[in-house]
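Before any questions on how it binds or moves, here is one chain, the form predicted on its own, in structure tokens.
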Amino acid sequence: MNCEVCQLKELDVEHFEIREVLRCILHTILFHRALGLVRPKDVDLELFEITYVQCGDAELERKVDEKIDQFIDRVEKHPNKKTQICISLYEVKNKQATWFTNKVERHHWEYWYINLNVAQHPKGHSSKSHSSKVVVDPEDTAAEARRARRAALETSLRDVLFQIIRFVNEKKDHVPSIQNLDGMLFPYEITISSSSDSAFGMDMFKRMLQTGHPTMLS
């Protein structure tokens, strides 16, 4: 089976933006891969002028929030390392049991890699200037920089959402038959890794050995 991989554009975020950004991206991916009965729910972001769609499933929302909590915890424990979150979609197939294998086998057919670069602010830094020659109010300058950064992130987040939609529309041949689909979604897994993990950036290549060479769309 062909396996597709989508490496999403890296986003530069502040710590307080992580939850909203990840909810938006994760739910957008899962909504576009929901082939069963869904009750679409529009969600307006509080930090950005962006609306996205959820599947309207309370259990799915709970699982996504649980993974986001794990992601934030990982970022806090490893503040100087890049942290990545991945959604993998797979089929479950029954296999002839032997002495060395299980009866059930996962066949991964799609990976989504979400990359966030969380800003680290040095402690003890003061925005106040001790120089009497400075004419520009440093607080005004900082506020303007924050607005510019927020606008840039909003544009980048929109780019990521369009990247997801483009991938879904262009990559269809690898999607398994839905005749055995039990529930709203294909079986999926959300995993988290940081650059200190041996699995970071290598999981995709390990899967290639099992599922064949994936094609890339960035």
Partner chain sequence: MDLGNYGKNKPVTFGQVLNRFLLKTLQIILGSRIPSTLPHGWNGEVKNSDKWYNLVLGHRFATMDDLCSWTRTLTEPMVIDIILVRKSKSFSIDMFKDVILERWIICFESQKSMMTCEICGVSCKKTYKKLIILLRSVYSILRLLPAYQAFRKLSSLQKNCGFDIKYNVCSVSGAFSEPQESMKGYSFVPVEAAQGRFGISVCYREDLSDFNMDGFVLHPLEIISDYVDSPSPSSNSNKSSSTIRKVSRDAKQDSGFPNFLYSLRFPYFGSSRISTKSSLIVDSFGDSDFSCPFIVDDTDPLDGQASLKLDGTNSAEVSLKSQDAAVGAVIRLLRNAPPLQQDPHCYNKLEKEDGAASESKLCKPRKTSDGLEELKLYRNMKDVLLAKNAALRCIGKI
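Numbering follows the first chain given and starts at 1. Owing to the predicted nature of the structure, the values given are computational and were not obtained by experimental measurement.
Beyond what is shown, the protein has a form predicted together with its partner chain; the following relates to that form.
Mapping the unseen interface onto this chain, residue 58 falls outside it, with no heavy atom inside 4.5 Å of its partner chain in the model of the complex. In the model of the complex, no heavy atom of residue 151 sits within 4.5 Å of its partner chain. Using a 4.5 Å cutoff between non-hydrogen atoms, residue 62 does not count as a contact of its partner chain in the model of the complex. Using a 4.5 Å cutoff between non-hydrogen atoms, residue 46 does not count as a contact of its partner chain in the model of the complex. The three residues 75, 78 and 192 each lack any heavy atom within 4.5 Å of its partner chain in the model of the complex.
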